[in-house]
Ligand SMILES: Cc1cc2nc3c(=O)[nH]c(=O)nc-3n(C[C@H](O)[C@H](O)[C@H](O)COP(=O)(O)O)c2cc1C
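The chain below stands alone, shown as structure tokens; this is the form predicted alone.
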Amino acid sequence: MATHALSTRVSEMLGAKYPIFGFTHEIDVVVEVCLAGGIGVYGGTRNTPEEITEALEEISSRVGDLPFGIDLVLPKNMPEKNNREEIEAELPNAHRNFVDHLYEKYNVPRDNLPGARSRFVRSEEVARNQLDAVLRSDAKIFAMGVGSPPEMIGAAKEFGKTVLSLVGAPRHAEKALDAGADLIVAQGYDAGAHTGEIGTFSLVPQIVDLVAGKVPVLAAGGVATGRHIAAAFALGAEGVWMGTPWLTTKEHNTSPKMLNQLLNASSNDTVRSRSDSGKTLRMIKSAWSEEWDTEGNPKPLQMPYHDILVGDLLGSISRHQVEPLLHQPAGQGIAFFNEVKTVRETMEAFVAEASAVVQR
């Protein structure tokens, strides 16, 4: 493969044109990122093992030999069994009553269907079955969005997968390195979804120094332009991990109401909140995050109890597009995305600007 101004150890290692990872829950976006020279990563943590198998087979059939991956969230201390009744029996009444109050206050239909977070309990049982689906797939890359269980890293490497671990602090990077991760994604405070306390510019060089060249580092969190990509290289990263830029692309098929929020959002319109999953997650501010942050209202429960508490309600909010409560995980880089473009146009703009800055 011909080298490019943006070629690094990462692009060579994986056989991709550019060391630009595109994380998304949409199959079409994964495919388009790959076809545009990047590395698409499918967010599969809320999918059943059967759905993971189907999604990865479809991606593989459409991208051929191009590298692509899948991301799972594997936090510690989850229950052993996928038993919703057991979790529900432990939910405090004050929290149940508050959820009932939100249904009434915002006229959310009770359609008795689960949401993405309540279709199953995040548990050791589900994680093992999801991993099994990943191991049997053609995905070359296995990414772990939260947690780096050594036994899972070992299994993935035995199956020839390249293992990525997303970390928000140096201590997490040390654990991931010890467990055998092949790449470390240093994800700063600016990032969408589950993110830590340290800003990207402070975190990336610390992780680069810590790994001391043993494995490549990717920068994540607020990476939203070609200039950011070039800055990541200057900090010692050998690639970038991007999630927020794809939310406003044509292929993402975001609902019109949510798309309007995203296109008009500034960096100040995002907030880190535990109101979706029980773990801190950066999202677009809405009445949803405000209600859970209001003095006197219950505080979010720990994962996976919070998932089961609010999952059906979140599902109904999304299905019925209940505007005040609609929100989306997104990073502070959302400020740079105020028009709908295709994934290919977005990638081309990143590559052109980053190459020009790197060469300058």
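Remember, it's a predicted structure, so these values are computed and weren't measured experimentally. Start at 1 with the first residue shown and count on from there.
Not pictured, yet referred to below: the form predicted in complex with the named molecule.
The candidate stretches are 190 to 198, 80 to 88, 152 to 160, 100 to 108, and the one lying within 4.5 Å of the named molecule in the model of the complex by heavy atoms is 190 to 198. Taking the partner from elsewhere, every residue among 220, 328 and 331 has a non-hydrogen atom within 4.5 angstroms of the named molecule in the model of the complex. By the criterion of a heavy atom within 4.5 Å, residue 17 is excluded from the residues contacting the named molecule in the model of the complex.
The closest heavy atom approach of residue 316 to the named molecule in the model of the complex falls outside 4.5 Å. In the model of the complex, at least one heavy atom of residue 145 sits within 4.5 Å of the named molecule. Contact check for residue 73: a heavy atom falls within 4.5 Å of the named molecule in the model of the complex. Of the residues 242, 203, 184, 237, just one reaches the named molecule in the model of the complex with a heavy atom at 4.5 Å or closer; this is 242. Of the residues given (247, 173, 164, 134), 247 alone sits with a heavy atom within 4.5 Å of the named molecule in the model of the complex. Contact annotation for 21 to 51: residues with any non-hydrogen atom within 4.5 angstroms of the named molecule in the model of the complex are 23, 25, 45, listed in sequence order.
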